[in-house]
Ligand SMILES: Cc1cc2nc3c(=O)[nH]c(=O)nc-3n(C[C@H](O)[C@H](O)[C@H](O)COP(=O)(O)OP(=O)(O)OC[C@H]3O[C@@H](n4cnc5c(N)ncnc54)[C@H](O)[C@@H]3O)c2cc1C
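Let's start with one chain on its own, the form predicted on its own, as structure tokens.
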């Protein structure tokens, strides 16, 4: 099926099809997931997206001969829902996982010069799998390493179902558990800023505990890192569109929903320019502010809470050199404004030189800085970090900015995040900002889509596809 066309005939005529209709509003990972799950259960689905492509905030674009991701996205082995999504769109081989967690950490603040450490795991049970890495981590003193181990055990003992965790900030908890400013910088924030998009002092203890307990303290391989070896658009747009087409989903891009409403029979009307779509179920899989604007009266007890969910930016700095300057797929750094550096050369289609992407989370202080100022700051830092960059010619330098990249994981945000079900029968919410228990990640988005589809299928009296059960159980 081509973009914007309707499947011929009626899916209600296909054996096993319910004759039920659903409209999914939003073509990010949450919306794509909802649409696929509903279609797999025999529901006739229309997916509406305002942008000219699918993928939400994880997408690609062209810059000359380069195919550029708007930002570097990774996932972990514990991200079971996103891994299901990759498998569902036949993209798993294009975004492989590390065989074993291994993160190079380069410290530029050492008096003796650059010093390399590594965070990696052994083939041992939790928590011994990280024991050797922590014991030999050169960026902390022996005393700091011992205190990190004790804090990790205390973190492992927290009950994620305890609502009081969400009222506390992670930084204060770390201080109360003996963590020095250096330990926070060199370990806790090294992981937390990248996953939470906030420094420890600005992050909910509940969300931080979830990240560390699930990623580092649940299963030995839980934190193994995966990332796309192709442009994100290949996964989240082309392959996702192919999967939707095969499932019989009508996909409309460049289409804005102007209003949604229900009648006395519980049927929904979704207004788009030039057409009214009718449905038994609607999944609203858009950002929280857009959801607020579209929600009908009475759908939530306190819809204004959606407007209280803050946002946090991510800045990405892109540098193309005339030669290879980084010998590893990625690294992270201390003692420099640079956070994480990824080699995107092959994925972008670059034939000569090397293309590096710097992912700068919690970038409130830099998100609106001019490109010239960012160039002046980051090129010298890359020369400090990568000796090979000192004699290299910079062929291109540009930035991408996502000012509302994620919801802000501040203390108290948990009480603001709604679940999939609303008070309006047949209307469901999806998005990484909903109550998934996860911070704003690709995993959270997919989990929200699964939850919304599961709730809709229950109300429609449709059995869930068998593969959906395993995802819901993992979620």
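Nothing here was measured: the structure is a model prediction, and the numbers come from that model. Numbering follows the first chain given and starts at 1.
What comes next is about the form predicted in complex with the named molecule, which is not displayed.
Residue-level question: is residue 147 within 4.5 Å of the named molecule in the model of the complex, judged on heavy atoms? Output for residue 147 is no: heavy atoms all beyond 4.5 Å of the named molecule.
Residue-level contact is defined here as any heavy atom of the residue lying within 4.5 Å of the named molecule in the model of the complex; does residue 23 satisfy this criterion? No.
Can any non-hydrogen atom of residue 74 be found within 4.5 angstroms of the named molecule in the model of the complex? Although the named molecule is absent here, residue 74 would touch it in the model of the complex, with heavy atoms inside 4.5 Å.
Heavy atom to heavy atom, is residue 422 within 4.5 Å of the named molecule in the model of the complex? No, no contact at 4.5 Å.
In the model of the complex, which of the listed residues (86, 200, 244, 405) lies with a heavy atom within 4.5 Å of the named molecule? Flagged contact: 405.
Name the single residue among 256, 267, 323, 395 that comes within 4.5 Å of the named molecule in the model of the complex, judging by heavy atoms. So the residue touching the named molecule in the model of the complex, by this definition, is 256.
Interface segment, criterion being heavy atoms within 4.5 Å of the named molecule in the model of the complex, picked from 37-45, 60-68, 427-435, 410-418: Selected stretch: 427-435.
Are 281, 454 and 461 jointly within 4.5 Å of the named molecule in the model of the complex, each by at least one heavy atom? Checking in the model of the complex: none of 281, 454 and 461 is within 4.5 Å of the named molecule.
Does anything in 43-61 come within 4.5 Å of the named molecule in the model of the complex by heavy atoms, and if so which residues, in order? Sequence-ordered list: 48, 49, 50, 51, 55, 56, 57, 58.
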